[in-house]
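For reference, the chain that follows is the form predicted on its own, supplied as structure tokens.
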């Protein structure tokens, strides 16, 4: 990463970690903490969907992994007493393992066939959560405690959120840090040898296989990383809402994760982040339109996809050097 990108990253961190909290505290709109925290976590799940697009697959099943990750974290915290912060990687790992078993057969499918199979995954996860005793069925898992203190060798790394004066601010900062780490990892993957090989799958799988690229291995790796991100995002949502139900993540959420990628730009690493921000606030802004909200919303999405097929980041304002992962 060059000096200019380091400076831009530093400015971004100063804005989101210092500027935004100052503005919220000055305005007294504490509800914005929850809104922006949700945007940060949704963008993490969307980043996983973007990575699946990067290998040439349309993923409409990320809602399944956010739901699985949320239940995994809730069960570990409430029934086994595991520290919430330790459940984050465990929930992500559980989703990654499940995705390997699911992905091995369906990743062989292409285009609309793969998309249609992933579309049913969220509903399957929801029905499974309804049926299993460990998930408490339709009642869900409630009264989940706030994240406890995380310490190492007697040194407090993360304080107990229940003792904080403003847990909403703590959740916001934690979500932003996780989002930054997620996109930093995504940027590193895309610009590594693994990322270059994954991009070759998007262009021509037969050609990649003919020169010795293990296409099946790359597809599974990308899909498991995608699902890991979804699991971490879902587990984080559980800690904020302190509850989870089979309907917490539905098919519409999976579709929105995909739309976030389209709206921001499939050719840009930060596309899902910008797409999530615009889609989330755009829907809220249209709330005043009443019964016409959905009609206007869907029309605008179609119009944007037609006029900007490469996403908002393809505008000259953001993209001065042409396309490609940034």
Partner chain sequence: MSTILEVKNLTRRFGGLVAVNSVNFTVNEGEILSIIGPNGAGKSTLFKLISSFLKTSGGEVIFKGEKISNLSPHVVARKGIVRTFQETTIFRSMTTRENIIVAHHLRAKASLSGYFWGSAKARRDEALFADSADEIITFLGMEPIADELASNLPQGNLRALGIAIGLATKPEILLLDEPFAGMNHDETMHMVDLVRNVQKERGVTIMLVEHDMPAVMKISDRIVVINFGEKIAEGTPAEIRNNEKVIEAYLGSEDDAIGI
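Owing to the predicted nature of the structure, the values given are computational and were not obtained by experimental measurement. Residue numbers count along the first chain shown, from 1.
A second form of this protein, the form predicted in complex with its partner chain, is not displayed here; the remarks below concern that form.
You can rule out all but one of 91 to 99, 71 to 79, 204 to 212, 167 to 175: in the predicted complex, only 204 to 212 has residues with a heavy atom within 4.5 Å of its partner chain. Contact annotation: residue 153 falls outside 4.5 Å of its partner chain in the predicted complex, judged by heavy atom distances.
Its partner chain is not drawn, but in the predicted complex it has no heavy atom within 4.5 Å of residue 146. Although the partner is absent here, residue 192 is a contact residue: one of its heavy atoms lies within 4.5 angstroms of its partner chain in the predicted complex. Although the partner is absent here, residue 197 is a contact residue: one of its heavy atoms lies within 4.5 angstroms of its partner chain in the predicted complex. Interface residue among 255, 185, 158, 115, judged by heavy atoms within 4.5 Å of its partner chain in the predicted complex: 185.
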